[in-house]
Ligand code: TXA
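Encoded as structure tokens, the following chain is the form predicted alone, with no partner shown.
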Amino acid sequence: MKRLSSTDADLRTAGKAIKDGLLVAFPTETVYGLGGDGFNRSALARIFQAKRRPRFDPLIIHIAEIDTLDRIGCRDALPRSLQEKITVLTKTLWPGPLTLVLPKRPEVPDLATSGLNTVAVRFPSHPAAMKLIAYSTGAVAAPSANPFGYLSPTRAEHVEKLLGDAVDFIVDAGPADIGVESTVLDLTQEPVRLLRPGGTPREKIESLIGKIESREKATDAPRSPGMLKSHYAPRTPLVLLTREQLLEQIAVDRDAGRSRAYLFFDQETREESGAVDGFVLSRGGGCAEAAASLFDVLHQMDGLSADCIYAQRAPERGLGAAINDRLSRASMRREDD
């Protein structure tokens, strides 16, 4: 594994590597992705191998030009109402943390879509990601650069620690800005469905195309990336609690003389709890700040050797829905183990 910077010369090196069938971890505005040529079956197989990812879990293909969408998805196979919604979303929210699920072109390898007749596509807004994709084949399959089911990486150091030599190159451009994965929308039929909450808030989408249907339940046979019940989990067991439940848990632990790892959404709750130790996602109580720090903080907490992490739910607004989704799936993993 070789680490590269985000200079133009290094991004050209990384782009050529993808053209040559190699794997490159690179930053997006959401998390770091593990990239390979979206049309190269050998590269796609290496992604699954490196992540130890089940073959039934589809990948997201990243593009750097709107026109590339029609190399991958079949917009013309959809009703006019859906085509119009896709146009509005792509013109307004791309580049950005939004993934669209569309009918796929036959040229897209089944391995990338796990045999589904649909494909997930997104246009990231990170400058390094856009250049890298443009310098490569223009269509880069890139799930999060971590072992399957584990915490997503928001820094190059996370990728290096989690995947090591399973990656050929890592492009280091500092921490990811948003910190949670993209929102995933299914646009193959009416009504439009939210499959995964993420970096683009539901409210923003609905302001553009009207009401969308609540996402399908998490499943063991996902229709799109990020739908598995057990996902985004630290190795340490995690329990997700409301603010009131967390305060009660801390009081019980204090009376019993136990020391646990606590994850607070805001500084106010931490101060009210009286807990000396604990991590805070947002000192100002904002969901954007909390989302940006979520995975980085969980990586730190996972290194504490605690027997359990007690985490506070975020307010169910904006990016709070994505934060709660990730914490809920982390908690469910431990219930399934």
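For every residue, the number given is its place in the sequence shown, counted from 1. Only a predicted model underlies this, so the values are computations on that prediction, with no experimental measurement involved.
From this point on, the text means the form predicted in complex with the ligand, which you will not see here.
Checking V108, A156, L195, A128 for any heavy atom within 4.5 Å of the ligand in the predicted complex turns up a single hit: L195.
Under a 4.5 angstroms non-hydrogen atom cutoff, the ligand in the predicted complex has R53 among its neighbouring residues.
When contacts are judged by a 4.5 Å heavy atom cut-off, T118 counts as touching the ligand in the predicted complex. Among heavy atoms of D37, none comes within 4.5 Å of the ligand in the predicted complex.
In the predicted complex, at least one heavy atom of P143 sits within 4.5 Å of the ligand. Stretch 110-118 is the contacting one of 110-118, 69-77, 253-261, 167-175, since its residues have non-hydrogen atoms within 4.5 Å of the ligand in the predicted complex. Residues from 58-75 that approach the ligand in the predicted complex with a non-hydrogen atom closer than or equal to 4.5 Å are P58, L59, I60, H62, in the order they occur in the chain.
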